[in-house]
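Quick setup: one chain, the form predicted alone, written in structure tokens, and binding and motion questions come after.
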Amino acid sequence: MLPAVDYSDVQGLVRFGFANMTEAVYLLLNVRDPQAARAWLAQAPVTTATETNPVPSTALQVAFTRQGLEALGVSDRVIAGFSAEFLSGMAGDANRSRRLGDTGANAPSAWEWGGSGRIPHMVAMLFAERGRLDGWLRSIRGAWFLEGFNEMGWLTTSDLGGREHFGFIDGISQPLIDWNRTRTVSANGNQLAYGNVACLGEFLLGYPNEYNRYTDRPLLDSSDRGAENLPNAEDQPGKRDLGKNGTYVVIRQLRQDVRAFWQYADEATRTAHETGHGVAEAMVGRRLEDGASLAPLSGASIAGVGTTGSEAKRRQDVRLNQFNYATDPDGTDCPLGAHVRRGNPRTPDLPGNPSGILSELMHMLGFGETSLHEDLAASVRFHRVLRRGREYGPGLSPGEAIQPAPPGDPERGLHFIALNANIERQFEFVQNAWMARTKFDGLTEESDPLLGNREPVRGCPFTNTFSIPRKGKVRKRLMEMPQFVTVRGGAYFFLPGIRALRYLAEAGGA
């Protein structure tokens, strides 16, 4: 039997998301005094993934950029063990920016934070039940905190009752993490049916992932100072694991132009002779009212769907997530380029693959042997992320959004937060191969209708269209779609386990 997960060593955001805590703020911090910063970190009341009754009313989570680890005094040898994309940073490479669609209006040079000279050392994420955030914030910002850190900025959040700013229900589809470690996969085995259960190692370092391998992370010798307080590495006996029970956090501040979205959708709906919110729903891939998929539900159960929570929660999960796109290969129910279809194509592994490195490469890059659609949409089980984002700015209904903006109309958007153990294979793959790619699933001249950057790309001068296939008819093609979402900031962070956090505070800077 595999060792059980030590929930007391995992930060709670990975397991819970703190949905009961509707107030939150993310503090972007720089280390001013390393000694004071480490003293605060050594006693910071970071919330763990241990279940309690009653559930806590407040929570604190902390994560660090590469620059933050350096500012704390962590040795270069230890830092070198982190992934290349974490070390480089979200905005640290022009090729990465291009792949992520961070060009033009999204370019890091225009970001409020996260670009050159504006990379925070750390983020402190505070969550609280309604009415408790201000008091929780005051208690966290004590003497050591104020002495140890400079506050680069506060990312405030809003509670829109479970909907994002375009009006659709948010957070519907999440992977089910195999916390009990009962899922078994072989390194080259195929999973020929879509499932929603993901290996623990996809989201926590130090555990096997969907390739039945351990993701690289910093491993220390037992004789290294402070290493005796770290967990043992499962895959390398005698080593201590700084990454175990930690993960990488992707944060992107995304400004949403709600008025542009609904004014475009309203005009396109009338022009295309759709009813209701037809075009907006086609772009998203779900119904506005209740979040139901445009694709038909499957009569067969799907592993990991409708298996946890109360009876009502299980029924709702089935109603919203028991589907794939096998019965809709041409996108006549849910358009091929719809946002939810790009974000999770719900494809299984490709049958008949060769074994070994070639098989793995084909899975990662999305090349197959059976059909055009499979060629361009890789198996999803290797590319899932856990989303923990929150909205910011006041809500705006579709009816209000089609009206002209008043003077001083406030900014609205999403603090997108994704947790993943492999930034390149998970977040960056999804963003590049599925969201930004103009040839996703056999399409051309269109990127994701919500997150897409409308800048021309090499080999495709137009990226501002969206097509809606129709059964037995010529597809509808919407033209000159504006950019609805603009990146305002972002960074890659390491969210350590609790024992690793204490190491960083006590030994990492010694």
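Counting begins at 1, following the sequence as shown. Keep in mind it's a predicted model, so treat the numbers as computed, not measured.
What comes next is about the form predicted together with a small molecule, which is not displayed.
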Practice problem: Could you tell me which stretch in 114 to 122, 230 to 238, 71 to 79, 424 to 432 has residues with non-hydrogen atoms within 4.5 Å of the small molecule in the predicted complex? | Solution: 424 to 432
Self-check item: Answer option from 83, 256, 438, 209, heavy atom within 4.5 Å of the small molecule in the predicted complex
Solution: 256
Practice problem: Would you kindly say which of 450, 44, 62, 49 lies with a heavy atom within 4.5 Å of the small molecule in the predicted complex? | Solution: 450
Quiz item: Quick one: does residue 28 come within 4.5 Å of the small molecule in the predicted complex, counting heavy atoms only?
Solution: no
Quiz prompt | Proximity of residue 326 to the small molecule in the predicted complex, heavy atoms at 4.5 Å | solution = no
Quiz item: Can residue 160 be called a contact residue for the small molecule in the predicted complex at 4.5 Å between heavy atoms?
Solution: no
Quiz item: Is there a heavy atom of residue 384 lying 4.5 Å or less from a heavy atom of the small molecule in the predicted complex?
Solution: yes
